[in-house]
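Two forms of a single protein chain come next, each set out by itself as structure tokens; they are called structure 1 and structure 2.
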Structure 1
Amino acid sequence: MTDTIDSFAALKLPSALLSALTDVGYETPSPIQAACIPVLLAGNDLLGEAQTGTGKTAAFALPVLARLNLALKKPQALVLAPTRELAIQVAEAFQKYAKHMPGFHVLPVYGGQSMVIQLRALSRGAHVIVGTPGRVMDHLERKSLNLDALQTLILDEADEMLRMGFIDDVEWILGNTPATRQTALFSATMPEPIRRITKRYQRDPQQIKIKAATATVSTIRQRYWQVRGADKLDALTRMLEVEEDFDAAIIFVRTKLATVDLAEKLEARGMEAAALNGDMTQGLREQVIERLKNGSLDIVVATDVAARGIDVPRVSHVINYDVPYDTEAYIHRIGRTGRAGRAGSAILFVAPREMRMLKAIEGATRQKIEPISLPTAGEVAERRVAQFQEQILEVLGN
């Protein structure tokens, strides 16, 4: 059990999955994957405690795929996720890992999408359903979703579903699916209501806990700037100009209003920026993420809730423009960069009176955060000249 598992093949996954993993470039299973996959393959219940960015999606998607009966076109697995964005992301991951499983169907269902489309898709049949709790409950009540053949139920980001007020819906779904099902629950934290659910609805779950600091932040360079002498907006634009290896950034602020305000100011300064907050319609939020992915947008100014779980590999920088409320929020925030094994950078703006938060974060991540100073006007000018020269050389080269 404690043997170190250093390959997906050692986890006895079917060859169709192994070749998909080779295609996506995963070399070794992450710690939570190595720990969870055998338990789920064996059909046992599981309680997984791990931070974002530890690779939870593959930890449950791979064993679910391995256990599917493709000939039976009925939902055999249901994944509940807190938001539409996460549901879509998880469904996309299933699709990716099932690349060499012809005939496989995964269907995301969430509020805000047309019922007509969803009903039609459901009637065509799918092996895996990924949905938000409210909409899944809706379909179960209407009997448009039949879970008689359900083998596995996954609760992804259970603490977030709790925070968003979905806990009753989740319990209702747990009470209205075959009691013989396997249940896996993943959560970054284990507040009491989540513990209660696992006691009531899980059978002797194997507990797997992955420590916060390890996987999450190791590839991310963390720095802070003590806010003084210049205003934050000015500091931000200067920093963005001189940062090396800059591709795209997510900037965190505390309020919805501030997302719009800062995004507008950055746009006025010539940057491709947009806001992302909980007041925007799901469709708009999705558009913003899509534009960030395809490069028509470089900067997204977001609140914690709106940005949670975003997985866009080109995000090279996370800027904590306003300090997070707690260390956990910080870890979630910076986990938006350094995705898929890439390098990432996190910069925290702290006012002198917020230095206690900095110490708390260093304690929680068990890593030092380096101080940086504001680039001088001279450095910014130098960098502009250098960039201009690069551009000219490029043009000449062509």
Structure 2
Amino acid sequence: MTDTIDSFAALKLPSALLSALTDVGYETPSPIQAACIPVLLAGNDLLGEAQTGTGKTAAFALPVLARLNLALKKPQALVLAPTRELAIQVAEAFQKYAKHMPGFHVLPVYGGQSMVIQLRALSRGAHVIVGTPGRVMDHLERKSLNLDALQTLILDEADEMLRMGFIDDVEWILGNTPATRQTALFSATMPEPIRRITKRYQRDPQQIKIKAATATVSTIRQRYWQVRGADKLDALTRMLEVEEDFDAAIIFVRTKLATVDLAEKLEARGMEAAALNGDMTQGLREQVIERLKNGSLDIVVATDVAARGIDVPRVSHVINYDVPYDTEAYIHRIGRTGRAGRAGSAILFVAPREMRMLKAIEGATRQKIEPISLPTAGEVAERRVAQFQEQILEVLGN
């Protein structure tokens, strides 16, 4: 089934969602999205076995948004998440996908945040509630959260909720929601208490199991830089200047627009860079790859789809300027270096709030990713002097 779905349009999602997906740079559905979206759009219950980093937030958020009645200012979907961090992340994802849905409102509710703020927001009305079990329970008991209009209930990372001791709260919440609701449960593993919940609270759920791609990439040295205040572009240019054994690089960004923008900025800084994206003609794309092969180009800034199948042995570095949406995309990306047994380098730019994805990537590549610090201005200057001396010696030698 997933083999034939190569676009979000094929999943029959509304045009407002397709526009938002284009804006954020989603090009093709991940296996879990291709498998879950039709099931949830049809109103069926779902039992999904999937790791973090497979793209499951979009797999449930998009069908939920597609089925909302925006005129009804009542909670129509409830997402339960084990931690406040995940609740905030999921709420932000809903906000991002609903960019072209005027009037849409999502509300994260979790412990540690002022009850007054949450009560005020709930009284104004929200279409989707994303919360931790304890705080959702509090609001249901206070009657400040009314789930009469609830259509869909999502349990995200159910095994994590079990591990944290929330499973009784989850069952209590399930018992206090309309029996007609659609229920989707996602879990990386399926221990007995979770199977019991599915038997008791789900109606004939469709089971979807997505095995996250794993790869042992021993020839590739993986490192990450935690994005902190400093301009990403400034950080990137400094890194490119001081990297040892640098020959050529593929830099991955999320959107087609970003490929052109970043390539132009790198060129303005004196680097031989070019964009590679799906909007370019086949001839132009082949020309860019040929230039990368013959050495007249050192840096290609690409999207995931455009870089598929690139096999250029001189690519010594892969830089994930934007974090990929799932671990599978990361494995495909870094596979562009370290070809034919050569050593390769992969650098990931990761914001503090994307550290969950970093952990998922470490699990998928079965390798620890080492942190790196930004090269100082002194180190960059030293490297420039050394390169200049090398050039002088080369000229003298000739």
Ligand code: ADP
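So that the term is clear: the rigid core is the largest set of C-alpha atoms that superpose within 1.5 Å between two forms. All values derive from a computational prediction rather than experimental measurement. All residue numbers here refer to structure 1's sequence, counted from 1.
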Item to check | Of structures 1 and 2, the form predicted together with adenosine-5'-diphosphate | outcome: 1
Next on the checklist: Given a superposition on the rigid core, I'd like a yes or no on whether Ala61 shifts its C-alpha by 2 Å or more between structure 1 and structure 2.
Outcome noted: no
Checklist entry - With the core lined up, does the C-alpha of Thr132 move 2 Å or more between structure 1 and structure 2? => result no
Checklist entry - For Thr303, is the CA shift between structure 1 and structure 2 at least 2 Å following rigid-core superposition? => result yes
Checklist entry - So, with the core fitted, how far does Glu243 move at its Cα between structure 1 and structure 2, in angstrom? => result 7.6
Item to check | C-alpha positional change at Thr259 between structure 1 and structure 2 - rigid core reference, Å | outcome: 36.8
